[in-house]
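There is one chain below, alone, in structure tokens, taken in the form predicted on its own.
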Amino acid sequence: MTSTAMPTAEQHGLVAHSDGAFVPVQTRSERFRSTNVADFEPVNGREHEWKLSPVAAFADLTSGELDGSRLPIETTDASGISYSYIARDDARIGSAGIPEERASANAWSSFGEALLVSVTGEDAKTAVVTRTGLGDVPRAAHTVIEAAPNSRGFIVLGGAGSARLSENVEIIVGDGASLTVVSLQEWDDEAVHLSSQFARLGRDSFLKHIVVSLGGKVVRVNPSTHLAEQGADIEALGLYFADAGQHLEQQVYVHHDAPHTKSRVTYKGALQGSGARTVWVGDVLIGPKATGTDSYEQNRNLVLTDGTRADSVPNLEIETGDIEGAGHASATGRFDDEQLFYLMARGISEDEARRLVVRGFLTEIVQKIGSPELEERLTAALEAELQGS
């Protein structure tokens, strides 16, 4: 499966760049896409999608041979949620999106069967899928989460233990459905995880997509959402905490492709320790048919110590003038000294005051998850991170 969405030299008057015989992609939707890894050039780290990533740390996932057998998983049971495996030629595979970069395409070329998580029924239900015990062998995986029309569900897709994993996740939200998907990264310290997640939203459907990255040496989760039908609504949330030597990355893409669609993107992160690195790139495209769009994206980063780096790049493209509203914001900074002074003036120690400020900064995302049990678990995990600061 290959897309021909490559710009030509004649498009917009583009010419070859002085560094090589390529032309820059001017519109987010024009990036080359293919499910065949051979269609992509080897990764060198200068590409627009890789220039902020430590590509040498996962060269085996972008160019090497991957084990595409079934992953060891643990699941919880819930009425209205079922698990099965589907073949590569199933019509649902590729319906939410296809790869735009080599790691995703390598995983797509390598997987044997896809895990299908099916959500049916209008009552609320929750299920957890945990990948664990993957080991150090480079692996590929493909997961499809399908919410039937008018269904409701809450799915947690987690990772723990050791791993060198490149995967694709497709999320298909039927007309009128309401679905929450939490991508939870709690890997061991040396784990590497690259995940491309594609969502397609039907008419009047709602998706809450949440990325939580706490563990792993290199974690790169890139969610792409296609608001394909009128009235589709996405709330994309992200929470990450990078310690010394960790690289946590998210490249978020929201494509408003139908009238009267809505998106809210809010990602927040904290960094501490030498070499802690976070990357957030947010692309929002409002297409020519997406009249009445209501969109806003923001990224906030809190730097706790010296020696860290947070990259934050919001992008907004608008191809129609008939919209309700669109905007973006980005900020990276240290503690608010006034907040610290206020707390310390009331007898709170400096260390405890700092923890309170960070906890308050990140709790906004935690409280929006919608699962008291998971919110409590993440609050404890963040407290453990802060105790180590």
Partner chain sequence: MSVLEIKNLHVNVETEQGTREILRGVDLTINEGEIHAIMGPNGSGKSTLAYTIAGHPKYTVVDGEILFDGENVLEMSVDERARAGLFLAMQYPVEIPGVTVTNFLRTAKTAIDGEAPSVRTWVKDVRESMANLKMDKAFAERNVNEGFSGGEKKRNEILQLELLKPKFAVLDETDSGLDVDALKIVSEGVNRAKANTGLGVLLITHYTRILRYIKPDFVHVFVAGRIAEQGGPELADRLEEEGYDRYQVAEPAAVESVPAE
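All values reported here derive from a predicted model rather than from experimental measurement. Positions refer to the first chain, counted from 1.
Form predicted in complex with the partner chain: not shown, discussed below.
Quick one: of 38, 57, 344, 331, which gets a non-hydrogen atom within 4.5 angstroms of the partner chain in the predicted complex?
Of the listed residues, the single hit is 344.
Which residue, 357, 52, 323, 43, is the contact with the partner chain in the predicted complex, using a 4.5 Å heavy atom cutoff?
Among 357, 52, 323, 43, a heavy atom within 4.5 Å of the partner chain in the predicted complex occurs only for 357.
Is the gap between residue 361 and the partner chain in the predicted complex 4.5 Å or less for some heavy atom pair?
So residue 361 counts as contacting the partner chain.
Does residue 352 reach the partner chain in the predicted complex if we count a contact as any heavy atom within 4.5 Å?
Heavy-atom contact with the partner chain at 4.5 Å: present for residue 352.
Wondering, does residue 63 line up within 4.5 Å of the partner chain in the predicted complex on heavy atoms?
Residue 63: no, not in contact with the partner chain in the predicted complex.
Even though the partner chain is not shown here, does residue 69 get within 4.5 Å of it in the predicted complex, heavy atoms only?
No, residue 69 sits far enough from the partner chain in the predicted complex that none of its heavy atoms falls within 4.5 Å.
Select, from the options 27 to 35, 44 to 52, 344 to 352, 323 to 331, the stretch whose residues sit within 4.5 angstroms of the partner chain in the predicted complex by heavy atom distance.
The contacting stretch is 344 to 352.
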